[in-house]
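Presented below, as structure tokens, is a lone chain in the form predicted on its own.
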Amino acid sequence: MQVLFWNERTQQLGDGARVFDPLALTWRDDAPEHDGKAVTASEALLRLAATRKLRRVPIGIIGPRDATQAQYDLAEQMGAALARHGLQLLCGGKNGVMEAACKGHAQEGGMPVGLLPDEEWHAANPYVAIPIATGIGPARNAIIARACLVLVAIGGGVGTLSEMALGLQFNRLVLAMADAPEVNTVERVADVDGVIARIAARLLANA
């Protein structure tokens, strides 16, 4: 099992023999001067985010437009957690789970990106900082699945299921929360901290 160390003086993450490059998201053979403090993957992500050097590869939050209150609240918490950990949110930019995720992300200082199915940016929910109007309808789901390093499904029906399937086809990490559709090869995660831990592990996986 990989053990991670954070060097406060150099602001570097190491594993005893290598140093993590936050821009390239890879490890390089360059032993740090000393190991520093042992940290979890999630703690390492927080510290890397604070340096403002972490490459902002998109993380997708997907789910229904007609979200339940429980789904909305969970998506808002998930969006906020992504922002706190320096992670870029990319979603469909519409209502429901997408709106909630954008709201949480924006309130924590993030700049959520909405990839809209519509022809004009005005169709975005009010929390989208960067609306991208594709004009291609549901086909934009494939772009979201392809662009994101990780997809997090919160609730959803056929549309969400299609994004999950596309994510698996593109070899992305797909995680399911709450009552997201059941897919045999998709890992179900109980809470926000668990999702952040899985995302951090994927980002730091080039071991």
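The structure displayed is predicted, hence computed values, not measured ones. Numbering starts at 1 and follows the sequence shown.
Beyond what is shown, the protein has a form predicted in complex with a further copy of the same chain; the following relates to that form.
The partner is absent here, but in the model of the complex a heavy atom of L166, alone among A49, A178, V150, L166, sits within 4.5 Å of a further copy of the same chain. Proximity of V113, P131 and T134 to a further copy of the same chain in the model of the complex is complete: all three residues have a non-hydrogen atom within 4.5 angstroms. Within 4.5 Å of any heavy atom of a further copy of the same chain in the model of the complex lies no heavy atom of L82. Taking non-hydrogen atoms only, V57 approaches a further copy of the same chain to within 4.5 angstroms in the model of the complex.
a further copy of the same chain is not shown here, and in the model of the complex it never comes within 4.5 Å of any heavy atom of E108. Contact check for A142: a non-hydrogen atom falls within 4.5 Å of a further copy of the same chain in the model of the complex. Residues of 151-170 placing a heavy atom within 4.5 Å of a further copy of the same chain in the model of the complex, in sequence order: V158, G159, L161, S162, A165, L166, L168, Q169, F170.
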